[in-house]
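Below you'll find only one chain, the form predicted alone, shown as structure tokens.
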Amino acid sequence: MKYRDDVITSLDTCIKCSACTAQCPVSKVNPNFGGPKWLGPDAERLRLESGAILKLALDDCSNCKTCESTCPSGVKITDMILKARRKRSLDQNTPTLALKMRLRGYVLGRAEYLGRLGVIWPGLTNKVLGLKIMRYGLDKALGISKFGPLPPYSQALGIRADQAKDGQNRKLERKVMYFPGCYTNYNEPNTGRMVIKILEHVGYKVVVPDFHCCGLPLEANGQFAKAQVNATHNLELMENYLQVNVPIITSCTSCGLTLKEEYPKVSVPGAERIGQQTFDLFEFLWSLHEKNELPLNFIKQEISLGYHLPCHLRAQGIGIPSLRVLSLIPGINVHNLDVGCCGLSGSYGFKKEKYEISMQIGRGLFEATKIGVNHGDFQEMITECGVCKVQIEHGAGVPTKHPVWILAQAYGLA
């Protein structure tokens, strides 16, 4: 009954202002989507009283959490939508999805296993996935859009702290644990290694256990039981470190949000601590600066950059710590475009029926990026989210990278 009481309290907090719907990126471009207030608090009352579920509309939500960032009352709207999705997945009266849709959910949800396969022979994998006939086949067989951007896999697999030279040269007493995430592990492992170099450079020994996927792609594609298994496994690896107050560092905004908001709900030891001990990389570095513990021996960088704020970083409620840290570096000029969601939203924009919607959502970002480049304001973009990077390069054609690379240049590590 506690969940029901909590939900009712949250429902009563909703003041029907519709700010969430006004800011929802999906509502702005999809006239058939009633918006988060309708699908969240309004429909939740029906779900509580009668068990009715607005089944199809549940999949129109991209889980960007803009509604929660916008809500003046702090209503957990996407929590309600996700719980309805879970209930739908367990409802025996719910019509079974077509085989193609079930297979697609299985494939897109298991980014970790795709990554493990993709990096065995990444050159061949990328070449095959780039073939028009392969994209056409994925489109027809699984409903994965033939136009959507598929991030390439990398040769290097397995991010380990002992590969960073800085930590081998001096004894590091303080310790942090790094949660890289699937995209970093399999698509951009060099970014993960640079995160480790930065953390060691500022005086921390970095521990990187053999984590599974955080579980967010699984939940987004209806694989709720498997997401729970992954969360339990990861928390078991963290438990001893959490008990002695070792910070958990993330460089992926979606992984960070999942660890902060979803993992505390798992009933295993350590879960009650994970939310308070998880930090975005730049959130952690800024906290060091506030304690006068961040090295400021930066090399001047004469560079102008465009910046995109990922939705899942905004949802963490920590501001934009990367821009605060980069502002300490002399010579850097960053243009915060602040034009909303990129549209890809994890695996949302890879789906055939969602691709055009995702591109319409990201149109403002693409246009602002192109204008900035054409006006000479900047020539490349930075963003903390790997999926946002993929979408920006796809929609705007502008090189994009994680801001850790700018910090690494300033420290002379890149």
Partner chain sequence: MWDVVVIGGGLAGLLAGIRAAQRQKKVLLVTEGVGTLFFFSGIIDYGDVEQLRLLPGHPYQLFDQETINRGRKYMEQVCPDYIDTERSEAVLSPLGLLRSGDLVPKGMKLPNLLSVGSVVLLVPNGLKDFFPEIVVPNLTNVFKNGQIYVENLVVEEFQRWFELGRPITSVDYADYWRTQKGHKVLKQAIGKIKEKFSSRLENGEKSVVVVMPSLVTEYWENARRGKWVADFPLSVMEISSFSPSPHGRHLAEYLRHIFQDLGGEIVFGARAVRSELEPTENGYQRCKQLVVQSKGKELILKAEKYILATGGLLGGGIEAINEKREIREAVFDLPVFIPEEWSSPHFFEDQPYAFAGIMTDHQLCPINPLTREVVLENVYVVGRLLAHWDPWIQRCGAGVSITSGFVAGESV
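Numbering follows the first chain given and starts at 1. Only a predicted model underlies this, so the values are computations on that prediction, with no experimental measurement involved.
Keep in mind the form predicted in complex with its partner chain is missing from the figure; the text below concerns it.
Inset, instruction - Consider Ser27 of the chain shown here, and say whether it contacts its partner chain in the predicted complex, taking contact as heavy atoms within 4.5 Å. - result: So Ser27 counts as contacting its partner chain.
Inset, instruction - Determine whether any heavy atom of Thr250 comes within 4.5 Å of a heavy atom of its partner chain in the predicted complex, and answer yes or no. - result: No, Thr250 is distant from the partner.
Legend entry - Touches its partner chain in the predicted complex: Cys17 (any heavy atom, 4.5 Å): It does: once its partner chain is placed as it appears in the predicted complex, Cys17 has a heavy atom within 4.5 Å of it.
Inset, instruction - Report yes if any heavy atom of Leu58 sits within 4.5 Å of a heavy atom of its partner chain in the predicted complex; otherwise report no. - result: Flag for Leu58 set to no.
Inset, instruction - Would you kindly say which of Cys71, Leu235, Val206, Leu242 lies with a heavy atom within 4.5 Å of its partner chain in the predicted complex? - result: So the residue touching its partner chain in the predicted complex, by this definition, is Cys71.
Inset, instruction - Name the residue from Asn336, Ser304, Gln301, Ser89 that puts a heavy atom within 4.5 Å of its partner chain in the predicted complex. - result: Of the listed residues, the single hit is Asn336.
Inset, instruction - Kindly indicate whether Ala22, Gly275 and Gly319 are, all three, within 4.5 angstroms of its partner chain in the predicted complex, using heavy atoms. - result: Each of the three qualifies.
Inset, instruction - Name the stretch, out of 258-266, 81-89, 176-184, 193-201, where some heavy atom lies within 4.5 Å of its partner chain in the predicted complex. - result: In the other structure, the partner sits against 258-266.
Legend entry - Residues in 362-390 close to its partner chain in the predicted complex, defined by a heavy atom within 4.5 Å, in order: Contacting residues: Arg363, Gly364, Glu367, Ala368, Ile371.
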